[in-house]
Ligand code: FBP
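The chain below stands alone and is given as structure tokens, in the form predicted on its own.
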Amino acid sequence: MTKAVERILANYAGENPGVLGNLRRLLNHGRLGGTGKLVILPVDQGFEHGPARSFAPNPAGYDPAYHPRLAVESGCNAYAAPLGFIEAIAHRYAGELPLILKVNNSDSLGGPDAPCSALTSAVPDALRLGCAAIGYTIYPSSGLRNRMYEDLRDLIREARAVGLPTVVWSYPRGALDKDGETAIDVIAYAAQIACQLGAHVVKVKPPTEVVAEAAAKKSYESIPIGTLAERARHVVQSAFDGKRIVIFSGGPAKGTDAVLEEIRGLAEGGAYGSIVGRNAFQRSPEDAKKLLSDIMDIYAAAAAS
């Protein structure tokens, strides 16, 4: 146990020992273990975007065994994936690598009118597979968001009862245009919604300088949002004044310099970490490990400062 981890867990003092123990597992594992920072490898893109779009750039990724091995060799805090990928590797990695079961997913074959992910697994699956947490996606601004909120309410209650924390992917989508989905006011709102629903860890996209909602524009006249660090700081503030763990997605595939520049801004703004998928596993194994190592270096330096 480290002071950095225990300071974070003090914000979850009302939780039961099982939830606290699994949060401690996540925070104390891997190269960043004990620093209070997290780098997680998520691989749900095969379900979400299709196999060729996800794995053709690095065909090793078609094999479910590739990804947890990459997470272990890179020193990630955890590995997150849907049921099929977790079932394929849990016999080897449960207990060695914290696993996060993504319990809802959607494909890219349907229409965009009211996005809503299907429940594709359940809390008993996470227990059976030795997972440290469950993950769930909500789409604030979707016409079906209230159904997702109600499902999440029930899942958090069930998972908490058996000692599992919940990681919430909070991705505004539906009634917003593309600029609105990553606008600073919308991302901060999405983080707040996830916290209010009971998320233990919140995952959001890096926010842009856009303020999308007309009703929010006056409020943002006095909030500095000109740099990514300032925007990240505001999103973390919106997550119960930093008392909930907020991690940021790696976003679309981009060059190494762009990835690391973004990570520096997030780290400077007080992000608890990043969850980096395509930008890692679509690279060659050597390049992926180097990128993840460089990302961890940035967060380690931020933790030490």
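Residue positions are given as counts along the sequence shown, with the first one as 1. The model shown is predicted, which means the values in this text are computed figures rather than measured ones.
Another form exists, predicted in complex with this ligand; not displayed. Remarks below refer to it.
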So, in the predicted complex, is Arg173 in contact with this ligand at a 4.5 angstroms heavy atom limit? yes
Should Arg233 be counted as a contact of this ligand in the predicted complex, where contact means heavy atoms within 4.5 Å? no
For Asp63, is any heavy atom within 4.5 Å of this ligand in the predicted complex, or not? no
Does any heavy atom of His49 come within 4.5 Å of a heavy atom of this ligand in the predicted complex? yes
Assert contact_stretch over 41-49, 63-71, 236-244, 23-31 against this ligand in the predicted complex, heavy atom within 4.5 Å, equals 41-49
If you apply a 4.5 angstroms heavy atom cut-off, which residues in 178-211 are near this ligand in the predicted complex? Lys203, Lys205
